[in-house]
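The structure tokens that follow cover one protein chain in two forms, given apart as structure 1 and structure 2.
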Structure 1
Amino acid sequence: MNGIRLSIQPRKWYLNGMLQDAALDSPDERNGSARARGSTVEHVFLHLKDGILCGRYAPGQRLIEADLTRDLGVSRGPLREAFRRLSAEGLVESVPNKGAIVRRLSARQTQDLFDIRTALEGLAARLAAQKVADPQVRAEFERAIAPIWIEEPRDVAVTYLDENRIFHQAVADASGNEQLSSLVRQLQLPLIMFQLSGALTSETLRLSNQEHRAVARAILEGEGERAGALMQAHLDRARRFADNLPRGVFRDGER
């Protein structure tokens, strides 16, 4: 350029009275900051979701921001974004003057979810019985449901709830229908069961395990109609069990 050299220096700006390089606010830096924030939100979201689904946070429990920001080492921004995502999935609700609370279902909501699950999981069991003819599907299904065959009393409700969740999701996954599997996952079985867990007895857990085994055998034997009928009977019994529980189990004593 006619022998003229241009010397481009980083722009300078002041922050809190201190001279800073504008390069620190470059697009790459901003994108990196956004990625870091997104990663933090994802970490917090997954931590809380796992805690809810595994029972570390119980239905109706208040999620206190000050405690969580301290325990997780994050600011309020990512935590609140995680709360919004959990709310969108139906796991958390925002209550005026209380903040974020793990969702607690009313009796009507519980019954509605059982009605939907009965129809969807009956279909999933019928489809799974067809798909297990594929050796890979069969092997994955057998591996996932292995805990149901363990000959031990199911005396600890919270421990059994994880086995229960895995079994029902394994049936949905074996159906080969991704949309159906996703819908079953969204129907919040763990949320329902943790709310009912205080009323579960060793006899209730034993009966539930027997029913799981019957469904599994029908699927593995390729008997779709029987598998679907057994799954629907299993969920209908669970619905009736929930319907007979005291009002205090449900949100605000609603029936």
Structure 2
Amino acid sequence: MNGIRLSIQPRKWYLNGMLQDAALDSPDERNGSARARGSTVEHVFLHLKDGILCGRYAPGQRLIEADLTRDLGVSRGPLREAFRRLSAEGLVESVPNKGAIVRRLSARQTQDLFDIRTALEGLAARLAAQKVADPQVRAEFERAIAPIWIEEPRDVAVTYLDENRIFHQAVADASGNEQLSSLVRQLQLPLIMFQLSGALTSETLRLSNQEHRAVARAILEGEGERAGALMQAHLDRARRFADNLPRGVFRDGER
């Protein structure tokens, strides 16, 4: 009694990032074999990623191959390839003979993830403070983090989570270490489930934003050590916050 099987709005694809209707872009419908090569996996991947992040696929839900191949109109090969990419990003986990299920972190795993993020993003902030000496990096960084300076209070949690993700990614990108950047992206994704927790208060968001600003200022002033320490303190507070979430958010039993 664990397979929930949400139905998917039928026959829509993401093609190069744009949402399109299926019938409009398949020139010959007789077997649907004529789609831009190399894009099929990407379609499936983006559809599932988006679906997981938006909650269309719930944590713990099994992703049945037959259902998805039917609903998305692709064969099992590309679907499995997409599963594997999602697995690499930490959004699903593959269990032998059971297939792919939407990842659901235990409280312990969440804490562990925060420990890792603290170390890596502390490093990223330190490196970023060095790299902002380069005008191009500085310009790109300032452009990316612009939203954090907006004064209006954040009331919609979902919107703020996006702002949060963008800030952390901007710091990582400014570090100039591409592998670090992609690791940070990968480690941030599985935590999106907080979207569903509803525990983010307006005050929490304000505090988080203030910490973001402090980190950003330290980076822009080139003070690497301080930026790293501030980022670590920020993530440490987030870790404690996550530890106080209701147990229901996490995978059953474990604590």
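Whichever C-alpha set is largest while still superposing within 1.5 Å between the two forms counts as the rigid core. Just so it is clear, the model here is predicted, and its values are computed rather than measured. Residue positions are counted from 1 along structure 1's sequence.
Between structure 1 and structure 2, the form predicted alone: Answer is structure 1, the other one does not fit.
Taking the better superposition fit per C-alpha between structures 1 and 2, does R247 end up alongside L183 in one rigid part? Both in the same block.
Smaller rigid part's rotation against the larger between structures 1 and 2, whole degrees? Turning angle of the smaller rigid part: 28 degrees.
Angstrom shift of the Cα atom of V102 between structures 1 and 2 (superposition on rigid core): For V102, the alpha-carbon shift amounts to 3.2 Å.
Keeping the rigid core fixed, work out how far the Cα of G73 travels between structures 1 and 2, to one decimal in Å. Comparing between structures 1 and 2 after core fitting, G73 shifts 6.0 Å at its C-alpha.
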